[in-house]
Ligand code: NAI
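Have a look below at one chain only, the form predicted on its own, in structure tokens format.
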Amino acid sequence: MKILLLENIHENAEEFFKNEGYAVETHSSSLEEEELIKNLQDVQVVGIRSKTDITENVLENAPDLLAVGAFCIGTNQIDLEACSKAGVAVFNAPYSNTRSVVELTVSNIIALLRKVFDRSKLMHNGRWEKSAKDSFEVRGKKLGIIGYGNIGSQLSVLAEALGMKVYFYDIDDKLPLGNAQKCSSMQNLLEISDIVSVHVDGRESNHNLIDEDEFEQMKDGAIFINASRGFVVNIKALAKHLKSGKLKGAAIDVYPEEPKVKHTDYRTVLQNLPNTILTPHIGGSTEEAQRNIADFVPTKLNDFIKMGSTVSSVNFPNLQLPQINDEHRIVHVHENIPGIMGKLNNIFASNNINIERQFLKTRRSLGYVITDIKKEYNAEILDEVKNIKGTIRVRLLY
């Protein structure tokens, strides 16, 4: 089994895979499509971060690929529908860098309320500007959190511990933690919050979620933070309201367009604006987060490759499976259409093969069947199984 790890994934991942007997190739950066296809020949698993695009074309030209590991939270860079059609399972790390993003957000809130960034620049330029004007504590301030998932809810807890009053808005019904209060609408949250922090996912409907109208609805003198997705915010509108003084500060960690390589020049309309902190998508970039991700994702990929387990898969039906003992395990990925299970079991029955264990689960257009059989079997049945109409992929595990 061959594994390709891109984008400088933490060394723990490479060490894990090598200890499990895989052949591992690593690259420190992402690869463009043509080069990626070339490097995926004879590769069963690819590990990426946010800069590598797994497109339908890549999948069509990587016939041996079984799984994609996203060593990050988001999967926008992966065509999940195309992966499902190709029988390629996708795994990510939805919780591993939550604390890191939350801590950066909290530090930005404090820095913006105290204008630390601007005062630091003045000191570096030789100017001593000691003043309490427009400098505030976080205690008692109203924090509005848009998106109350893993990151938003943990931010809620830490902010409340600092003495902030927490409000949140989410399109799904979420249970408030601590004394956080749910807002009936995003507009309601924007109107009452001193600080607005966005923590939504990458779904299409979140494009330009915060635009001209939303900035207008915010309190005069509010502070705005985005550490979720770059396309969530109209940054031209944000720049306009920072320049006008409507907003008193902003911290931005993600951008609509980001470079695919580490060391490069970058330009944005937000540069050189007052009390504006710009960071290069480092919300989850801590040693602890990268180590957590490198410990979590490889175990899920390994369980899938060796046992067929799909727990935490983004696109496959989730199945927790027992260890394989003295059996063969047949993995059957298929279109979710009626009659597949019956046809599969008819093949076993007609070949006098007894089923030891069998598991079936479906997810949208995809069906996933695991069948454990005794080791004594007619190898020709695999050809029969592959010929079932609607079959996407068949694997035999030992």
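The first residue of the shown sequence is 1; numbering continues from there. Source: prediction; values computed, not measured.
The protein also exists as the form predicted together with the named molecule; that form is not presented, and the subsequent description refers to it.
Open item on the list: So if I measure heavy atom distances to the named molecule in the predicted bound form, which of the stretches 260-268, 297-305, 312-320, 164-172 falls within 4.5 Å?
Closed with: Result for this chain: 164-172.
Task: Listed residue that, although the named molecule is not shown, lies within 4.5 Å of it in the predicted bound form (heavy atoms), from Ala250, Ile146, Val88, Leu143 - done: It is Ile146.
TODO: Only one of Ile110, Ile282, Val157, Leu278 comes within 4.5 Å of the named molecule in the predicted bound form by heavy atoms, so just point that one out.
DONE: Looking at the other structure, the residue within range turns out to be Ile282.
Open item on the list: At 4.5 Å by heavy atoms, is each residue in His334, Gln358 and Lys386 next to the named molecule in the predicted bound form?
Closed with: No: none of His334, Gln358 and Lys386 comes within 4.5 Å of the named molecule in the predicted bound form.
- [ ] Would you please decide whether Val138 lies within 4.5 angstroms of the named molecule in the predicted bound form, comparing each non-hydrogen atom pair?
- [x] No, Val138 sits far enough from the named molecule in the predicted bound form that none of its heavy atoms falls within 4.5 Å.
TODO: Would you check, heavy atoms only and a 4.5 Å threshold, whether Asn92 touches the named molecule in the predicted bound form?
DONE: No, Asn92 sits far enough from the named molecule in the predicted bound form that none of its heavy atoms falls within 4.5 Å.
TODO: Answer with yes or no whether Leu209 is in contact with the named molecule in the predicted bound form, where contact means some heavy atom within 4.5 Å.
DONE: Leu209: contacts the named molecule in the predicted bound form.
Open item on the list: Can you tell me if Glu103 lies within 4.5 angstroms of the named molecule in the predicted bound form, counting non-hydrogen atoms only?
Closed with: Flag for Glu103 set to no.
- [ ] Heavy atoms within 4.5 Å of the named molecule in the predicted bound form is the criterion; list the residues of 31-63 that meet it.
- [x] Nothing in the stretch sits within 4.5 Å of the partner.
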